[in-house]
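A single chain comes next, written as structure tokens; it is the form predicted on its own.
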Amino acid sequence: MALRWGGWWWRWRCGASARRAPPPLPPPHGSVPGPGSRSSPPVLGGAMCHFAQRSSVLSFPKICNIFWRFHHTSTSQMCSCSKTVSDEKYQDPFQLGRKDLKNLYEDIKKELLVSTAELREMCEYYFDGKGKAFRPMIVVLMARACNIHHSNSREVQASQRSVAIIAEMIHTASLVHDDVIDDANSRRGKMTVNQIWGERKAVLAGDFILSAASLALARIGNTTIISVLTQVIEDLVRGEFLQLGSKENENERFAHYLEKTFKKTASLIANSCKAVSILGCPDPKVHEIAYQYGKNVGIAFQLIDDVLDFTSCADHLGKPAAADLKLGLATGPVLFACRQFPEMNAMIMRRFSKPGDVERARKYVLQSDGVQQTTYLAQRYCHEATREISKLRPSPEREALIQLTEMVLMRDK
């Protein structure tokens, strides 16, 4: 399991002598304190509610000012989201969900039965049991938490487990396709499908995994669930198109980045959580809780992923470091760093295409507080996820989902 809980990691990541916890949650409608309002806790306002309400986002300068105030707020004013779960209530999510995920990859391979040996080998390549199974874990824990909330049943329904399988299949298909688009040569510490079998066959393998996931989805026999999960595939495509583009206006870049992050990463988690909640509970309020939890955890997960691109070595990540810069992508750490080093604007617009751009941009990011600010932003999303899931009836599974938000922040690859 590629997760570390040592305090040294946080001190190194944030450059602080002690762990900085998120500030208190914003008021219901969110507001941005004025420049002289240091006593009020910083809030995300529009940035946090962008995906909840699918409306506006705070301009990037405002976001930066908010996080500057957050950074300079004394720890005595902050409350720790890790205090949400006491030591007595601690539940290891991976232990708690192990029963429901037993034979997960074997069951996925059963969905991929094909007569052509080469196609089968390609499709099964990433289903080797060495992945974290992070998405299926969230899905089965959410299923149990919603079932307990509604009927006090801890059993995961067969249809809910199918959603976990489908989520992992969609995710893996997207990885295969992403590696083709990015011309990636390593994934999870081994060569990519496109490097071994070529781009054309890799595209077909990704397509086949998606088709198998679609068949599994159809067998659930619920049109609402089909609608919810097919939204994920649409979002993946739209997110990839967003990633291929960029915004000239500095104020629009962060909104563009967060929208891309939601569609490419968080939508799968959010809608999979929503799907199992629909299958286990008829209450629309519970469906929204599940969706909001998945959305916020998903965005935080990607924010930390973008941080690790600057702070972890290639061998540890299992993929090349600084990969995003090499692809011309301006992620959270870059966008925050750009506030301190405006000369990065020109590099962002030309997608780091000139010789030396990648090295210079990486240097600027590491000299700035971009990594720190992106980590703080991830904390805020995790805190919001905790706030949402805490609305459900108490259960070991609910506490495990809260612990998962901590694990998202603490992961090192």
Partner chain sequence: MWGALLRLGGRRGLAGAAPPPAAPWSQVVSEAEKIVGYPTSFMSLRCLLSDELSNIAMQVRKLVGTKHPLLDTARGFVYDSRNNLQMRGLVVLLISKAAGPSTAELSFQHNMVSGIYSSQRSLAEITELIHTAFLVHRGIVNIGELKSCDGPLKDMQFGNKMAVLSGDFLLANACTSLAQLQNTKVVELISSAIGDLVQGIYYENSKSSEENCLTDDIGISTWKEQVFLSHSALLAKSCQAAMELAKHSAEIQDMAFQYGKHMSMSHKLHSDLQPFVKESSSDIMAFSLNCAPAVFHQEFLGRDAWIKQIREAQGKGNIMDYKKLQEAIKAGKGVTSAIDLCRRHGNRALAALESFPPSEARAALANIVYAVTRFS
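Since the structure is predicted, the reported quantities are computational estimates derived from the model, not experimental observations. Residue numbers count along the first chain shown, from 1.
The following text describes the form predicted in complex with its partner chain, which does not appear among the structures shown.
*Asks:* Does its partner chain get within 4.5 angstroms of any non-hydrogen atom of residue 201 in the predicted complex?
*Replies:* Residue 201: contacts its partner chain in the predicted complex.
*Asks:* Is there a heavy atom of residue 109 no more than 4.5 Å from a heavy atom of its partner chain in the predicted complex?
*Replies:* Residue 109: no, not in contact with its partner chain in the predicted complex.
*Asks:* Is residue 252 near its partner chain? Define near as a heavy atom within 4.5 Å, in the predicted complex.
*Replies:* Contact with its partner chain, no.
*Asks:* May I ask you to check whether residue 240 falls inside a 4.5 Å heavy atom distance of its partner chain in the predicted complex?
*Replies:* Flag for residue 240 set to yes.
*Asks:* Can you work out whether its partner chain is within 4.5 angstroms of a heavy atom in all three of 122, 183 and 222 in the predicted complex?
*Replies:* Every listed residue reaches its partner chain in the predicted complex, so yes.
*Asks:* Taking its partner chain in the predicted complex as the reference, which of 234, 92, 248, 283 has a non-hydrogen atom within 4.5 Å?
*Replies:* The residue in contact is 234.
*Asks:* I need to confirm a contact call. Of 128, 155, 207, 343, which residue comes within 4.5 Å of its partner chain in the predicted complex, counting heavy atoms only?
*Replies:* Flagged contact: 207.
*Asks:* Can you check 98-106, 272-280, 192-200, 291-299 and let me know which stretch has heavy atoms within 4.5 Å of its partner chain in the predicted complex?
*Replies:* Every other range fails; the passing one is 192-200.
*Asks:* What are the residues of 212-232, in order along the chain, with a heavy atom within 4.5 Å of its partner chain in the predicted complex?
*Replies:* 214, 215, 218, 219, 221, 222, 223, 226, 227, 230 sit within 4.5 Å of the partner.
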